[in-house]
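What follows is a single chain, given as structure tokens, in the form predicted on its own.
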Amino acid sequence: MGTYIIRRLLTLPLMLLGVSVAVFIILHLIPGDPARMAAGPDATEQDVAQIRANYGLDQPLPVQYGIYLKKIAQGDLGDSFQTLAPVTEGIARTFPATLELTVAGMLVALVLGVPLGIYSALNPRGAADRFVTSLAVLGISIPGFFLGLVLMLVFASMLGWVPPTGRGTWRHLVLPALTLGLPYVAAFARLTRSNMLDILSEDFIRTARAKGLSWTKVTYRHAMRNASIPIVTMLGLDFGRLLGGAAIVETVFAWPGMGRYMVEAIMIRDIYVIQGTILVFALSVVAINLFVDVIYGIIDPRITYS
């Protein structure tokens, strides 16, 4: 496993290089002048030219990219056009909030979805099974921002149970986490149900029951462990989706995270902030997928890494 992890880490710079090239090209293909947007509507041509010179935007694109790569190698992601502060400081300030929200949303999906899937598998074609199917349709159909507004209206405005926006206590986290995680509850429930139904029909389950083990031990000690590999795989894939989807939720709930930081930068084409946040998002997704690969070996020691 150690060799596998080292090999994955060695490919990380190439992956980040590819991401940086793609983002750099896309940002410079979009119509508009970042220097003029940063200078503001009342700026003179001299002001705009000075900003171009300060940020190297008057250089050919290959030269600009080379300068950017050199900065990245030194741990410098550039300075924001809007605040003039280093992008690394903005990311360090906002990334913990995004990670907190993403982990909370994933816990909502797992804590609600997996037990629902297990119960549905143990009671196929019952009321719980129909509920999970209906939940799956709702989860796919309802947009995240609309779900957030509905939750805010009911639980913050009408009932007053939790604050509507901001970050501070655990109560501020409730609505954003539910908004981010609820659409994935049905997906985890359906996947858990499908795998549990397949495994509960296996011979080793019947053998365990024949030895006198209770359904509880058979379900959670044997069946659930074997069904957990696809769930862990889905966790790794959905973590990236939750991380990206956090930008919308953060905007709705005024959550001071990196997604909101990136959205605000996109509105004014703050290219260094956009490039820096996307690189950190990409690095986070790679890290969680590497973690998931390690978890495979813990769940099932028979898995080998080549």
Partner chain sequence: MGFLGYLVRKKNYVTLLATFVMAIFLMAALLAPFLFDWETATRVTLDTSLLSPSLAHPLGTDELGRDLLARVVWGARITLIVALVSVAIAMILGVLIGSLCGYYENWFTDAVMRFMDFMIAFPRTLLAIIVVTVLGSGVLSLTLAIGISTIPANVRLFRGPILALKRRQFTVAAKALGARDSSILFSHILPNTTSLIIIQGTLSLAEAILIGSGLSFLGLGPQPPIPEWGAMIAASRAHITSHPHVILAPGITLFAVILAFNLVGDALRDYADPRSRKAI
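Numbering follows the first chain given and starts at 1. Quick caveat: nothing in here was measured; it's all calculated off a predicted structure.
Keep in mind that the form predicted together with its partner chain is not shown, yet the notes after this line are about it.
- From the list 199-207, 153-161, 107-115, 224-232, the contact stretch for its partner chain in the model of the complex under a 4.5 Å heavy atom rule is 153-161.
- Think of it this way: in the model of the complex, its partner chain has a heavy atom of just one of Leu69, Ala49, Ile278, Ala43 within 4.5 Å, and the residue is Ile278.
- Taking the partner from elsewhere, Val292 is found to have every heavy atom lying beyond 4.5 Å of its partner chain in the model of the complex.
- Residue contact check for Val273: none of its heavy atoms lie within 4.5 Å of its partner chain in the model of the complex.
- Although the partner is absent here, Arg125 sits close enough that one of its heavy atoms falls within 4.5 Å of its partner chain in the model of the complex.
- Shown alone here, Thr251 lies within 4.5 Å of its partner chain in the model of the complex, counting heavy atoms only.
- Contact residues in stretch 12-35 (any heavy atom within 4.5 Å of its partner chain, taken in the model of the complex) are Met15, Val19, Ile26, Leu29, Ile30, Pro31.
- In the model of the complex, the Cα positions of Ile274 and Leu16 lie at least 3 Å farther from each other than in the form displayed.
- Panel note: the distance between the CA atoms of Gly78 and Gly32 is smaller in the model of the complex than in this form, the difference being 3 Å or more.
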